[in-house]
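Below you will find one chain, with nothing else, as structure tokens; this is the form predicted alone, and questions on how it binds or moves follow later.
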Amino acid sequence: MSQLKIDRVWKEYGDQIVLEDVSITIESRAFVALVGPSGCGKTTFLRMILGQEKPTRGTILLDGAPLPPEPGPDRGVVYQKYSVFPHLTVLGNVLVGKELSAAPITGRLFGAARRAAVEEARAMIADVGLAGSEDKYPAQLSGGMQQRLALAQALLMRPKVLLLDEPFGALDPGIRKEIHQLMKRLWNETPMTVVMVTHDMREAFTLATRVVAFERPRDRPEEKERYGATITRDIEIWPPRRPGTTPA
């Protein structure tokens, strides 16, 4: 299970209110797209789910339990700027999370444990369409290939929740369409909930099961610090999209 429950969450920085009284339940296996104008708190909301930011008020629950105080393997994240290590190969990048999780001091696995992790990493690399590139470095990959690598890196940890922060915005239209098809397949085949920030409405309605809009209802210059953004639209895609079905 991977249900998120956000209950009356506020986020403030000093006197500035970024998010105001946000409540939403995201069911397990949903694919939710967050849309809205720049600066309305979408990424801040994502960072709170990840654990990089804490709500000023309110609670965030994952499967009924409070989120851990720091990011963990139960929540994976992929950013627009590829979060990969330039000094590691494709295989090394995908393995790094598994190695650091199992051996936080040495950062290395050995023997049977390493062989099992390498086999799992190679399978994930193949799943995202990078088979044959295991020994290449990120600088040798195209933008689309680097984003596939970032997805493999996040998914190898089998997160309950995958967070995407405008992950496909820098890709050209042809590559973006390929990555959309890949993302649909991964969501269908992997037991996880996806929350994605995007400025592309077409992308939101192409991928998501639900599109949620953040806006500042009171947005005059003198109100911007006194009032935050909140959820103003919550649209279920019709016909409903269900995980485990053939991608459209």
Partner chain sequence: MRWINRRPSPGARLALASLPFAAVLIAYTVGSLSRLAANANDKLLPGLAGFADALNRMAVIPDARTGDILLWADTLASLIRLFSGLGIATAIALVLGMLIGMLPSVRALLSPFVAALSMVPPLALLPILFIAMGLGEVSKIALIVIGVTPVMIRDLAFKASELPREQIIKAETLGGNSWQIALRVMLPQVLPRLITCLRLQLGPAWLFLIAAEAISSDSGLGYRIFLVRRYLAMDVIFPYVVWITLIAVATDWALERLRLAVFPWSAAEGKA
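Numbering follows the first chain given and starts at 1. What you are looking at is a predicted structure, and each value in this text was computed from that prediction instead of being measured.
Unshown form predicted in complex with its partner chain; subsequent notes refer to it.
Using a 4.5 angstroms heavy atom cutoff to its partner chain in the predicted complex, all of 83, 87 and 104 count as contacting. Although the partner is absent from this view, residue 130 stays clear of its partner chain in the predicted complex, with no non-hydrogen atom inside 4.5 angstroms. A residue is said to contact a partner when one of its heavy atoms sits within 4.5 Å of a partner heavy atom; residue 70 meets this definition for its partner chain in the predicted complex. Residue 96 belongs to the set of residues with a heavy atom inside 4.5 Å of its partner chain in the predicted complex. Among heavy atoms of residue 108, some come within 4.5 Å of its partner chain in the predicted complex. This chain is displayed without its partner chain, yet in the predicted complex the stretch 47-55 from 29-37, 198-206, 181-189, 47-55 comes within 4.5 Å of it by heavy atoms. Heavy atoms closer than or equal to 4.5 Å to its partner chain in the predicted complex belong, across 146-167, to the residues 150, 153, 154, 157, ordered by sequence position.
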